[in-house]
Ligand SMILES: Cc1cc2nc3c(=O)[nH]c(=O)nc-3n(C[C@H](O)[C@H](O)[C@H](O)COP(=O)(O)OP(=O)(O)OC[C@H]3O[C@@H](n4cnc5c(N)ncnc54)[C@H](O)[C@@H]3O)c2cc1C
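This document starts with one chain, in the form predicted on its own, laid out as structure tokens.
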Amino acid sequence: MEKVKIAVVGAGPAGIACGVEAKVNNIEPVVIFEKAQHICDTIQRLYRAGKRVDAVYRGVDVEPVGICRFDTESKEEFLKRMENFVKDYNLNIQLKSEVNKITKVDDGYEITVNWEPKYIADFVIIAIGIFGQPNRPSYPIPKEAKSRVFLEPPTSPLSGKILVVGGGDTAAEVACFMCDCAAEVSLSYRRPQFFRINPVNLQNLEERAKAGKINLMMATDIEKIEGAGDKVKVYFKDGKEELYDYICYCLGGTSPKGFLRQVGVELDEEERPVIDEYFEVKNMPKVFLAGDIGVKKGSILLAFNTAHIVIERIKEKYLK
């Protein structure tokens, strides 16, 4: 098996930033594993063409501390930035390489990739994002309705009558995008007002609602849905029923707890990983988390910052 200094799981913004920070600090060799066929899979897969990539998310402003940083820009501009990081710092990224196990051995951690032990690493950084596992509604999605239901943001326009479910930035962006494409859009949110949308998205949403392009259904909740021919019938808890051509759920994502458990990361009562202030896993020394998986409220800038903090900690605690 090949011996490396750091094995990074995930080639999203946090994983790439870890590689950049390690290179600048002359910590080598570093290998980055990505199970998808391209870097930044969430952005590649879920962001439509031209979609804004925000530096500030949910109103949480972050002061950049590391090498990787950016201002709000388009999907295409951001992906080009990340590709330049990979090229300029000559990062070793192994695509189509899914990490299945991380096993403690005498001289480090054995990394099983595509079900084959391939590497021994002194340090491991888990930098997988949370949107690979989108949250689902509490009620079941009937088989006959599945072709009309999206659990991830559609990247192409939909026609007809559309219900967007959620109250965050993604829900606001999907609703605005669909109504701008001439669809009839309603947005259902269980709270009476929005509280976690960035100001730009909130303004866009309110302007379209005022113009009659989006029907804001505040303080509404769904009891169940069922297929109704080529439509989806929605039953609201207040007794109302409505037919829609499509439903787009924008309910966020959850940390991949199954993977964390599988590799041995301890979770607390709230099923959050038990880590210290430097994102080191308490029960697995020399294993760190970076990006969304290690913070409560994530953003890309914060993911970049966690990468800087992790590499600085490795350097100061273990490599001096």
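From 1 onward, residues are counted along the sequence shown. The model shown is predicted, which means the values in this text are computed figures rather than measured ones.
Beyond what is shown, the protein has a form predicted in complex with the ligand; the following relates to that form.
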Give a yes/no on whether Val124 approaches the ligand to within 4.5 Å in the predicted bound form, heavy atoms considered.
no
Can Ile67 be called a contact residue for the ligand in the predicted bound form at 4.5 Å between heavy atoms?
no
Counting only non-hydrogen atoms and a 4.5 angstroms cut-off, does Gly19 reach the ligand in the predicted bound form?
no
Given that the partner is absent here, does Val99 sit within 4.5 Å of the ligand in the predicted bound form, heavy atoms only?
yes
Report the residue, out of Leu260, Leu251, Leu46, Val281, that has at least one non-hydrogen atom within 4.5 angstroms of the ligand in the predicted bound form.
Leu46
Under the 4.5 Å heavy atom criterion, name the residues of 136-160 that approach the ligand in the predicted bound form, in sequence order.
Pro153
